[in-house]
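Just one chain follows, in the form predicted alone, and it is written as structure tokens.
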Amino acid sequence: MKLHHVYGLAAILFATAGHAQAPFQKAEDAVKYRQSALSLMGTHFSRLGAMANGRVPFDAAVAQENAALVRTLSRLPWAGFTPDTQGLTTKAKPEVWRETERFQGASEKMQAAVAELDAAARTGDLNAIRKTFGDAAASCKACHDHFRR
């Protein structure tokens, strides 16, 4: 790759890097953002679960696509848990803001479990997907149990 292409790519990445972390204009926008990301993540996670649990035939390519999407989506919703969204009528419990370190730890644990699920899906091994799916599902449930109404 030519050096000017590298500089151009670096400039584009630098210019767009802040968009995911940009502040929301309204608290309601932050809530919509996080709810949308979590909803999409749940949809794609459920597709993996249907294969892992034998409800639909296993398709390695479909599993890989969904696992990759879940992994990407797992990084997004946390930016929407802004302080100004505390107290709005949502499914988030007040513990999200009272126990921020625990909440952050739960999100990081889920992201790590989802990364393992993505790695398992890339192997095309249904048994590996089943094991890592269970671990990822347990990390989601633990967070929901403590931080979601």
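All figures in this text were calculated on a predicted structure; none of them were measured in a lab. Position 1 is the first residue in the sequence shown; the rest follow in order.
The form predicted in complex with ligand ASC is left out here; the points below concern that form.
- Residue contact check for residue 104: none of its heavy atoms lie within 4.5 Å of ligand ASC in the predicted complex.
- Not displayed here, ligand ASC is approached by residue 141 to within 4.5 Å at the level of heavy atoms in the predicted complex.
- Of the heavy atoms in residue 42, some are within 4.5 Å of ligand ASC in the predicted complex.
- Within this chain, residue 46 lines the site of ligand ASC in the predicted complex, having a heavy atom no more than 4.5 Å away.
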